[in-house]
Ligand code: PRT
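Here's a solo chain for you in structure tokens, the form predicted on its own.
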């Protein structure tokens, strides 16, 4: 694909055109302030307020496009990058699109453990990862490559078992299969080309990553406000896993203060009862749009 005249400074980012990662990736980009028009209708979409253009393609093409420098960055599942063996740099894991690549076979069949795969035929859309796994285990198998609807291969007697992406496991159960072994834990990653980048592009990537880091940190955090007795402040400070020392302000009520801080949301639910035991009341939790660390 031909790059435009401003390709030494603008970034081209590959994302999945349609599928389970598309909407969440677009939401992330919007969350860091990027604005696009008609991204569902076009292959190449220019950002209105940042020197970026999106290339919307099949997810299994993204690793190679980034590897070859057609795109500078890409949002793609780790399963696709590793299946392609792409020469790219993983910049960030993104905590969505979480899934696993697993081996599965009939619940009532004769395959119940890894060793039972010896001499069996396995259907998969991930032949490289599947072969690599069994070669490492020194187990002989026949791997058959199938695109889509892998889970019905045993019912059609195309294969004895499958190796496929699993999220909830409901599709396996619906087809009478049981998950036996996980080959790879996967999530969406931001990958970068290893081709040489201009200083302008490097600068843009730094800005892009700063926005992303602030957005991700904000998603994992909440702004917490509470009232507490003045003499409990020191104990509350010790309880709160704050990013920095919390803000403490006196209230009109004698001996009471307001405490404001930012806390990882998962940790808040762990310490909430301890805060209440120290006299904290009127606890308010607010979302944070972004954070600059």
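Numbering follows the first chain given and starts at 1. Everything quoted here is computed from the prediction, not taken from an experiment.
There is another form of the same protein, the form predicted together with phosphoribosyl ATP (PRT); it is not shown, and what comes next is about it.
* **Contact test in the predicted bound form: residue 77 vs phosphoribosyl ATP (PRT), heavy atoms, 4.5 Å** => Judged by the heavy-atom cut-off of 4.5 Å, residue 77 is in contact with phosphoribosyl ATP (PRT) in the predicted bound form.
* Looking in the predicted bound form, any heavy atom of residue 97 within 4.5 Å of phosphoribosyl ATP (PRT)? -> Taking the distances in the predicted bound form, the answer for residue 97 is yes, it comes within 4.5 Å of phosphoribosyl ATP (PRT).
* Should residue 115 be counted as a contact of phosphoribosyl ATP (PRT) in the predicted bound form, where contact means heavy atoms within 4.5 Å? -> Taking the distances in the predicted bound form, the answer for residue 115 is no, it never comes within 4.5 Å of phosphoribosyl ATP (PRT).
* Asked: Would residue 19 sit within 4.5 Å of phosphoribosyl ATP (PRT) in the predicted bound form, counting heavy atoms only?
  -> Yes, contact at 4.5 Å.
* To do: Can you check 197-205, 103-111, 78-86, 131-139 and let me know which stretch has heavy atoms within 4.5 Å of phosphoribosyl ATP (PRT) in the predicted bound form?
  => That would be stretch 78-86.
* Contact assignment for phosphoribosyl ATP (PRT) in the predicted bound form, among 127, 93, 169, 176, heavy atom within 4.5 Å -> Selected residue: 169.
* Heavy atom within 4.5 Å of phosphoribosyl ATP (PRT) in the predicted bound form - residue from 165, 218, 190, 146 -> When phosphoribosyl ATP (PRT) is considered in the predicted bound form, the option within 4.5 Å is 165.
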